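Provided below as structure tokens are two forms of one protein chain, presented individually as structure 1 and structure 2.
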Structure 1
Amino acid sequence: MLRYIARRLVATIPVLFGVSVLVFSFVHLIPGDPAVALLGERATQENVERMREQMGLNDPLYVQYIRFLIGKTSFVAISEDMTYTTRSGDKCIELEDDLVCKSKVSDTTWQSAQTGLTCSRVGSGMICHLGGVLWGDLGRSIHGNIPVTLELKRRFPATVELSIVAMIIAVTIGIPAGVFSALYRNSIIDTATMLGALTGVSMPIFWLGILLMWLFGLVLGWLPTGSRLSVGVELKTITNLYILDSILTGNGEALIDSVKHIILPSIALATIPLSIIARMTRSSMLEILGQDYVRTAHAKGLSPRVVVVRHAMRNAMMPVVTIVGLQIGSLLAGAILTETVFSWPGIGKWVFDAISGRDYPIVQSVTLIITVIFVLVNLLVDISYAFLNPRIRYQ
């Protein structure tokens, strides 16, 4: 099992590399100029060219890609007489008119507070880098010059929370609906379930979101239509997952308010995966219920509940688990539309604004993060097969 997991993790490296190349190429080849988007349509050509030069957009694409991947990286030989202690007690080194000081978190990491240059001690020297995805630095946004990593840490939990709630809704409703639809095939329950599933798949997220906002927010006034918390509700954040933080801090007011805010966007986001899970569950259950061992279990006198739960559902869940894993990526992608409609402060709205403003670092970084999550979720799905079906062994 461990060897299989290690092989799969190693196999993700070329996948991530290929995705990074494709995303980088597509983003830079779409119409539009970040310099024009930053300066405005009335900017002179001279100012636009100067801005493009500062942003490195005049360099060849492969040079820009290498800079995005590894940043500015160099090896610097360091001797002990080059280090000194400042008045504040920090141990520092001057590198090319930049003051790089020892990190208080790690003994082997040095960093500049001014330029963001980071150095790691290796033997008698240091590997210094400025930016670069491979070093965990996703760069800075074009608009606002904000570190992408910091903004991602602030926004990503909102998208994760929305996706988790949406997936819980999709699984808890979709699987039972598919099971009952299979058990009562060609009945009113089956027809209603499949009609609802077909409708759910067919409805665009943005249209459903606007409809939910209009009905439950404006007409009935039951639920809020945007943001994560109401004005005036205070919450001490620990994980930035508002529902979890409300529970951890014992803040009942924030818990109720955060649940109310997440209901409408999570329902809109869960509709499509719910429908797909219900249809797949029904199809898988119908196939399993027709197997010989299920008929044998009935012939032995086992109760229908035991036959369905212990014998049929466990084997029927394998394709359903695969679909659930695939829907994780769809939820993260669908969150862009959902968060835009509901003004949800996650990565979806952030990426939408970044695409409109041709903010390359944000689009590239978020796409890579979603790809990593998608690959890891599918790895977990593959591993779960061995628990659902003991006959499966990973050699």
Structure 2
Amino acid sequence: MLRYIARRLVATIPVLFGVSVLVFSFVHLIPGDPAVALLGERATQENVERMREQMGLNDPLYVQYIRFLIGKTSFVAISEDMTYTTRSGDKCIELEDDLVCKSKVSDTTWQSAQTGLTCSRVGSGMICHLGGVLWGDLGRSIHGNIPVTLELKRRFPATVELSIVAMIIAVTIGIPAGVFSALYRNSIIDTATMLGALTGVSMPIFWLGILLMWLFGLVLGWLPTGSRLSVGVELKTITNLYILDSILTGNGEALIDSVKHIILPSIALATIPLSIIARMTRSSMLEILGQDYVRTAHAKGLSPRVVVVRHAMRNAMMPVVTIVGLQIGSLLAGAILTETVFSWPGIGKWVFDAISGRDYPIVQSVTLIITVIFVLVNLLVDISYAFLNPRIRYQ
């Protein structure tokens, strides 16, 4: 088992490497000079040249790639008497025309407010870096010059909350629907479910979103059509997952309000995974129900319920687990469309705005982050799969 996990981990490294190369090369896909694209057509030659220098576009590609990964990393030897304490109690040190400080509250990182240079104490010196995705620094947005990581931290919980709720809907409806269709094959339940599932995968989710918004938000007026909370509803945030936060703080009003807000977007986002899970569960169940051991179980007089739940479903769930894992990537990608329709303030809406504003660093970073998450989730799915099905490990 450990060997299997180790092998899967090792296999992930070249994939992540390839992903990083591809995402790094995005900026070179921009037609013409990326510096001109960022500054606009009317930029002076001088400014363009300075931008090229700043972006490091004049360096060889491999240098640019390494910088994309680790940024400008350096080790500075320091002694205790080089640091001093400001009046507000922050500790500071001057490094090459820059001032890096450590606030009283945070105990390990030193950061420059001016350039974003970040340092950590290591032995008798400091390791400092500026940029570099491996350090978790994804650069700054073009508009507003905001650190991408900061904005990502703020927005990611909204997308995660939406995706979790969508996944819960997809699994709790999709699996039973698939099981029942298989049990009552060719019945009206089966036909209806499969027709629904086929429509689900054929429907653009943004259109479904608009339809839901129009019907339940405007015509019936039952549910809100945008954002995460109504104006005037207060919530003290801890995790930024609003439903969880309102439960943790015992805020009933915010709980009801945030649930109401999440229903429509999560239904829209859930449709595709739900349809795929239902179809997969059905076909997997049909295959298992035809197996000899299921017939044996029936023959030895077990109740149909026991046969279905204990013999068939357990085995039929194997491929479904993989599908559920694979859907997480499509959920995160689908969030871009759903969040745009419902003005949901997550990373999807952010990417949409970034695309319209040609804010390339945001598009690049979000693609990288979502893909890395997707790869890691698939790794976890593979490993959990091996736990569930011992035969996998020995292949």
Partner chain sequence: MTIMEKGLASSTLARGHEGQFRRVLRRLLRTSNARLGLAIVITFLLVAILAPIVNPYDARRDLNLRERLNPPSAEHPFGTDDLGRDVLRRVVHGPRVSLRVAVLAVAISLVVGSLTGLIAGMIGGVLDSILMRLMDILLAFPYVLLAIALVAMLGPGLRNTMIAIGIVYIPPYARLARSMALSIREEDFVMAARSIGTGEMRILFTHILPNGLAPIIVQATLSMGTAVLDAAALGFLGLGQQPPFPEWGKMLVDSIQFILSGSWWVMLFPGLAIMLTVLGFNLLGDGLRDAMDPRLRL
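FYI, numbering is relative to structure 1, first residue = 1. Given the structure is predicted, the values throughout are model-derived calculations rather than measurements. Under this definition, the rigid core comprises the largest set of C-alpha atoms superposing within 1.5 Å between the forms.
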Pick the form predicted together with its partner chain out of these two and give me its number. 2
2 Å or more on the CA of D90 between structure 1 and structure 2, with the rigid core superposed, yes or no? yes
Core aligned, does the CA of Q64 move at least 2 Å between structure 1 and structure 2? yes
Could you check, with the core superposed, whether the Cα atom of Q54 shifts 2 Å or more between structure 1 and structure 2? yes
In Å, how large is the CA movement of T73 between structure 1 and structure 2 relative to the superposed rigid core? 2.4
T44: how large is its C-alpha shift between structure 1 and structure 2, with the rigid core as the superposition reference, in Å? 6.7
